[in-house]
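Have a look below at one chain only, the form predicted on its own, in structure tokens format.
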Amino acid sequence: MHIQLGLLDYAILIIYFAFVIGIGWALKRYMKGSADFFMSGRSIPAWVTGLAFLSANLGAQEVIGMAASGAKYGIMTAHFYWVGAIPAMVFLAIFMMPFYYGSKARSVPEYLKLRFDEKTRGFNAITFAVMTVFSSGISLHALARLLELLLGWNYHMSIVISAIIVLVYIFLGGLTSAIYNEVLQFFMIVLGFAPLVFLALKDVGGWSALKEKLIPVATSQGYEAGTWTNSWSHMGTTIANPMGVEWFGMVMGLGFVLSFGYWCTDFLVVQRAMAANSMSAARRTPLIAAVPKMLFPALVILPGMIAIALHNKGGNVIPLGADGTPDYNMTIPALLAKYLPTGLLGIGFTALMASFMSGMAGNVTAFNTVWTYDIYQSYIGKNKSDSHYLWMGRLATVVGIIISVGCAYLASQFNNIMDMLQLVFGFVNAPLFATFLLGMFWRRSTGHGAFFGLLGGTVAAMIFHGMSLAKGAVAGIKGGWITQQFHFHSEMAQNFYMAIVAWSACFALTILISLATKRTKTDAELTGLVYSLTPKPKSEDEPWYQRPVTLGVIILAATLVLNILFW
């Protein structure tokens, strides 16, 4: 499947790249110290950090992965938004941002040091650094694969060129450059995909016609007629839907453990809120992001549903992979080639490029901050000058991108990158959320409890992964490398339950070990770090549309309505 970009399309792409690098170059003169490079001097307004908060998550995993899941699983993929994102974003805004922003911690691992101890911080910093380069590699692989299939570019050369572009603008402008580019990328993605969805939905005959066309997609795979268009109705058992998850696995695995573990503890997104210019702006950041987030299924999931409906009718819309099965990751590129004319194609293609760079840049800026502050400054180069740490941050940017290139080749083992991403989150974010939950809301939890609970949760995830395997998967990177004791209908279901196991193990171990060990921090030391010991932020003087609690209730109510509409 090849497409031909016209001169206008290439012009749009080149102008976009010029803007991206130009933003980094323009901001270079403001990078006077490490706080400017890593934290943007805590000077960014709420609407910018809000869009950057959303866009940092709007990488290849979102655009390509959600469309792939829309084709593979149908409207159930919307659970990643309405169950697996919005509630956690509201929780982060109301309850957790006061700790992050108020403690003056420069990173999530540094908060763990302040709340618990150095070893807990070190463990999280190392696992998080590994996770970010994996996630960055996923974005890089998806982009290179896209350029290879659509334009015939060499896969390896595509990886190198893409990595260099991201490297240049982060190296020059640090987090500020990444944030402002993420805002630009957000608007590019909306402009690029809105026409695609409109044209594709019009071609298929509208929503009602699409629902009819998706009936044979479901029945041909042995499911009930409405499985691809109902989000909750077919979740009574694991065999009733293509995701292979029943309601408990969805609510507990995705809605609680993975969702809160990602949105509330992942420094990649939290870093954007921490760059806001005030506590109020930091708390509004996730809420501003939540509004477009709840509507994004229309831009990224609906195209996948349209593609599988057309493909099932013999349209061969989705290209086949090397194993002869549909390569769902190519759903969006295939639709771009099918529907968008010259000009619009350039905008759509540039939007794809923007999504990859957004995801990769978000991970790299998080990596260089955690490496410099939580690993290098803490254990290797203590008591150096501020200019030295600024230099180290730039070096970490280069090294992080080089490692991401290596991780890109691992991502090629998965035909749906969302499956791989949730696997990585299950190892790192799932147990971490248990640590944070107890640390922020139970003053009795100790450093020993947190560290060994976190370690035990990660080991439990590894053991469960080694003893479980999804239907049709080969033992190895996808699980079953110890034995094949537990079987799942899909890789996603396996990931959800692995996350539940990791969280539960960490939660239980942290409580038991904390009760068996002495507290090392007094209530005075925990003020600002534990909910019951921290003065609550006041918002009575703000207008209603700036009050986090009021906004959170409105957003949750709107999300509930969406769940009911697509029940």
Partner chain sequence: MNFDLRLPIGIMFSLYGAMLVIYGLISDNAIYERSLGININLVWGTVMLVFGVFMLLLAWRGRKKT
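What you see is a predicted model; the values in this text were computed from it and never measured. Numbering follows the first chain given and starts at 1.
The next section is about a form of this same protein that is not shown, the form predicted in complex with its partner chain.
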{"property": "Contact label in the predicted complex: residue 342 to its partner chain, heavy atom within 4.5 Å", "result": "yes"}
{"property": "Residue 202, heavy atom within 4.5 angstroms of its partner chain in the predicted complex", "result": "yes"}
{"property": "Residue 15 within 4.5 Å of its partner chain in the predicted complex, heavy atoms", "result": "yes"}
{"property": "Contact label in the predicted complex: residue 8 to its partner chain, heavy atom within 4.5 Å", "result": "yes"}
{"property": "Position in contact with its partner chain when the complex is considered in the predicted complex, options 43, 520, 527, 517, heavy atoms within 4.5 Å", "result": "43"}
{"property": "One residue of 480, 456, 98, 195 in contact with its partner chain, assessed in the predicted complex (non-hydrogen atom, 4.5 angstroms)", "result": "195"}
{"property": "Contact check for 23, 26 and 30 against its partner chain in the predicted complex, heavy atom at 4.5 Å", "result": "yes"}
{"property": "Answer range among 251-259, 344-352, 302-310, 117-125 for contact with its partner chain, defined in the predicted complex as heavy atoms within 4.5 Å", "result": "344-352"}
{"property": "Stretch 172-205: residues contacting its partner chain in the predicted complex, 4.5 Å heavy atom cut-off", "result": "176, 180, 183, 184, 187, 188, 191, 194, 195, 198, 199, 202, 203"}
